[in-house]
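In the block that follows, a single chain appears as structure tokens, in the form predicted on its own.
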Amino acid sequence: MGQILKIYKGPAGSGKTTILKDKYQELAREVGTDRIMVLLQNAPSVRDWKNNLQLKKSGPLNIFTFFGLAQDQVRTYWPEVYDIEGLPVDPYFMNVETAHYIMTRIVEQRRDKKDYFVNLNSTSNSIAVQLIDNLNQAALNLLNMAELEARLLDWAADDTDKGKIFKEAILLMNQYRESCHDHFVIDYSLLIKLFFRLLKTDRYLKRLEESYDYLIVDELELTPPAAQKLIEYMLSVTQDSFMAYNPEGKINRFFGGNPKLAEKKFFHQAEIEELTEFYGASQEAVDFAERIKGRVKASSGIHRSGARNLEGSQKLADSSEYIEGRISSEFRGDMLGKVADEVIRLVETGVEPGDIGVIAPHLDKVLEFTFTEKLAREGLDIFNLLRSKRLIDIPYSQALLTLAQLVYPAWKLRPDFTSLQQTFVLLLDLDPVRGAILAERVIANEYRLPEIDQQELRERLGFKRFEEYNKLQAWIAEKIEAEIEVRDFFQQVFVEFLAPLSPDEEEIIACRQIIKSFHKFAEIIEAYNITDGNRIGKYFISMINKGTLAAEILNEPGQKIRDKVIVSTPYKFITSTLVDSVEYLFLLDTGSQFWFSGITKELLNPYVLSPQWNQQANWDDRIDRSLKQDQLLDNILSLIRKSSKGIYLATSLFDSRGIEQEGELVDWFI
């Protein structure tokens, strides 16, 4: 049994992580880093810990996310995981995009027969994403397939149509899972199950016991039941353990986080130190957050009965002075412009751009364009924490894919007009008008580059680009003739065409991710024996065109954002390690229903799969509404506590689509 379990309990900004880091370094100097297991919540946190260590010397750093630890251990002890003949030398780890692709193929094959999901309007890709998420949620909650099916049917209750759809979903999830086992291909959910297969063997448990003396866990409230099961065991075999817990950090439910279960498992055996001071938020922000919390909690009975207003609860009164300003407009575009003007005014008064956060429940192109344009006129820039810029929206990575479609005509994939235009603008240094002219001619020429000696075209493109154009045309012809392996193609394009154009860091990362994703995708597709040779490239680009890989997120910078105005969604802002806190926070679209969105989808309900699911109760609107309100309250409190001087509230009568905004978040701040 562990000698000490100490839990540092406090809200965001109370110094919990700093205490854990200090404790880690103290222990590392005494016993070495290799004797300490550290569990963190995400890869940026792991990177932040490793980059900021202040140790004169260290051994192996056992600092992991739960997923990272599971992958490391399954890879290390691979022969023990399956222990059968014919096992590949190394496991195939499938990334999320490839998992979605495989599941989408399974769904499409059934839907082609018109006997599955007949009454669902969702795309096969959307259904596949939800089935994968169901498997992930089941793994994180330690449910087997029979238990997963039982929970889904509980959710369906007396709805026979819904029950039929769930049974079809279970059959396809089983088919997918069996195919993973057959090919030794491991996705996220199977990885968790294989890791727990190891954890059930005495030999592996003995290794864990002999490897570690101390355990450190940050953000315990965000850990899923599977991680908590591992923590339970480590507590029993390590000397001392130190954890951090945020009682209001309940923002990770969709990803399996279960704070209530963590409290039940660990609090009764721990020495708990309450942290009451704040290093990020001001006391005014803390008081304001408490006021909001009390007001919403006092009205919770009213809300759950269906009433919209906070009647009967005390208004914010004096605490509303933390609200620095209220910006409203009839149309959203006007509202965004006014917010941008106020951001500029704050900077002119001496506020650092990185001390201003602009938070919206949904970041659309209108918002990003408005801010980028208006702030750029004043020499300011924004940093979008969501970093949701799609790989295919970056001209360099787009050029890789466009040239592939021109060099492999047998795939019968055709780049669209915009892709062609952007590629020619980039590779030939053309202006957009001439790029468009050339794109039109290529499409008219059945996606072959036309002869440049056509006088009219030569004059319209400009004579200076002849040499570059002829070089590109000859290069494409040569590759078509040579039937180059697609495995080598992307690398050649980058080396011969893109690298000489001096791409910046983001553009290099984008190209690298395309190349890396292709090789990972090809490895899995070959394991499945779906196809071979250059046709893998066709499937890869088809996957991107369907949007599966398009949401790939570019790597984050490794340092705090100080010189740019921060734009983000609530969850990303709260969890980002790039921002400790800001002085001023703008909450946009407070009338939008997006603030009040839930975590359930037509085939996915994380709450039903959690240990708290009461099998005696049917899912209904009351439970759904209660969970949505709790989630929104947690988000708002966490946002406010990441500010120090004040918040701005901005809303418009109509959203960008002309729909009237009637969300109730506005009422919380009256």
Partner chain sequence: MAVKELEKFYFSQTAIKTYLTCPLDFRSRYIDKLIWPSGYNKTEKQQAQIERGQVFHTLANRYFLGIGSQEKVEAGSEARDYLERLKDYLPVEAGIRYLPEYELRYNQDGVRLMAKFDLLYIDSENGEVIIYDWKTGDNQPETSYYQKDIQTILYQFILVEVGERYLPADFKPGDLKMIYWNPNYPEIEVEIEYSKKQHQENKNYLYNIIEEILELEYAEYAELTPGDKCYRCNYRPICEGEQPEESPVVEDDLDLDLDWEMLEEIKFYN
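Positions refer to the first chain, counted from 1. Definition used throughout: the rigid core is the maximal C-alpha set that superposes within 1.5 Å between two forms. Since the model is a prediction, treat every value here as computed from it, not as a measurement.
Just so you know, the form predicted together with the partner chain exists too; it's not on screen, but the next bit is about it.
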Residues P44, L55 and L140 all lining the partner chain in the predicted bound form, heavy atom within 4.5 Å:
yes
Among 367-375, 403-411, 490-498, 439-447, mark the stretch whose residues have heavy atoms within 4.5 Å of the partner chain in the predicted bound form.
490-498
Does P88 reach the partner chain in the predicted bound form if we count a contact as any heavy atom within 4.5 Å?
yes
Any chance D83 has a heavy atom within 4.5 Å of the partner chain in the predicted bound form?
yes
Quick check on I508: any heavy atom within 4.5 Å of the partner chain in the predicted bound form?
yes
Considering only heavy atoms, tell me if K264 and the partner chain come within 4.5 Å of each other in the predicted bound form.
no
Candidate from L69, L603, A28, L627 lying within 4.5 Å of the partner chain in the predicted bound form - any heavy atom
A28
Exactly one of R460, R512, R105, K167 has a non-hydrogen atom within 4.5 Å of the partner chain in the predicted bound form; which residue is it?
R512
Suppose contact means any heavy atom within 4.5 Å; which members of 57-80 contact the partner chain in the predicted bound form?
K57, S58, G59, P60, L61, F67, Q71, R75, T76, Y77, W78, P79, E80
Core-aligned, does N119 move its Cα 2 Å or more between the shown form and the other one?
no
Core superposed first: is there a CA shift of 2 Å or greater at A499 between the shown form and the other one?
yes
Is the C-alpha displacement of K265 equal to or greater than 2 Å between the shown form and the other one once the rigid core has been superposed?
no
